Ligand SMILES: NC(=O)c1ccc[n+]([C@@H]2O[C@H](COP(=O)([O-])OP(=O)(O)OC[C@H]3O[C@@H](n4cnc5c(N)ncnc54)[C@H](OP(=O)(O)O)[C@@H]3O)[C@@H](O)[C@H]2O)c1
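Given as structure tokens, the chain that follows is alone and in the form predicted alone.
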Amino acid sequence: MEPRGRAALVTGAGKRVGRAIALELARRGMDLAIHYNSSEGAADEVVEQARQLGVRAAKYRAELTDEHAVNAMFDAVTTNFPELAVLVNSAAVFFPTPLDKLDGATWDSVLDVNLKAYWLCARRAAQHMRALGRGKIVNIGCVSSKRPWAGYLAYSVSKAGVMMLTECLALELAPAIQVNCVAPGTVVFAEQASEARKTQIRAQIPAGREGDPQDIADAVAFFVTGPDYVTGQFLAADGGRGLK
């Protein structure tokens, strides 16, 4: 897809990986719809940076687990950006959920944010993209979907669901809309991670370092701007950690 003249909606675009993705697409000439939930100040910064890159940008607040809120957001986005041709599902929650401390409310919360919200957004985006006759959806998964991380039960299950959702949507939406998944490894360490733990994890990564949000943004840009013949694929951006 030629990015210039098109628009992208990036969820969770105020911080970290979502922010890097949004700004990389802006650098490639795409107008931006910036989704946020609680990080309004950060979203404002991304909007301003995108505009400085010469593209149109606007922010939209929504609780993505609420179907009505998602529908309202898409109504507003497609009104302002009728050329919306890209959705990047990036918003997620990430924290330890060991089995003996995992209750039903936490399970529901993690699965709702990390999986249900992706489905709700993809469903609405697909309606608009079908009318355009083209589109790209990129889901941000995790390598834990194939090799679970100890102590992150609900998170790993939710990301395994994202991988299957990607494949199902790729079948459902072909041939006009391509759906792919970028699966980061360790990019941003958990706040409670000790220096010893960080050193241990880095030693397990052939690349010798944790990932940078820009690494993930570059991978997303490949799916957005790359060949339309690629769909239903899972790209691990993990520095080779999955090889060990």
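All values reported here derive from a predicted model rather than from experimental measurement. Residue numbers here begin at 1 and follow the sequence given.
Missing here is the form predicted in complex with the ligand; even so, the following discussion is about that form.
Proximity to the ligand in the model of the complex, taken as a non-hydrogen atom within 4.5 angstroms, holds for one residue of Leu169, Ala92, Val138, Ala154, which is Ala92. For the chain shown alone, Gln49 is not a contact residue for the ligand in the model of the complex, no non-hydrogen atom being within 4.5 angstroms.
Using a 4.5 angstroms threshold between heavy atoms, Val17 counts as touching the ligand in the model of the complex. The closest non-hydrogen atom of Leu87 lies beyond 4.5 Å of the ligand in the model of the complex.
The shortest heavy atom separation between Val113 and the ligand in the model of the complex is within 4.5 Å. Heavy atoms within 4.5 Å of the ligand in the model of the complex are found in one stretch of 196-204, 60-68, 26-34, 172-180, which is 60-68.
Contact annotation for 175-198: residues with any non-hydrogen atom within 4.5 angstroms of the ligand in the model of the complex are Pro184, Gly185, Thr186, Val187, Val188, listed in sequence order.
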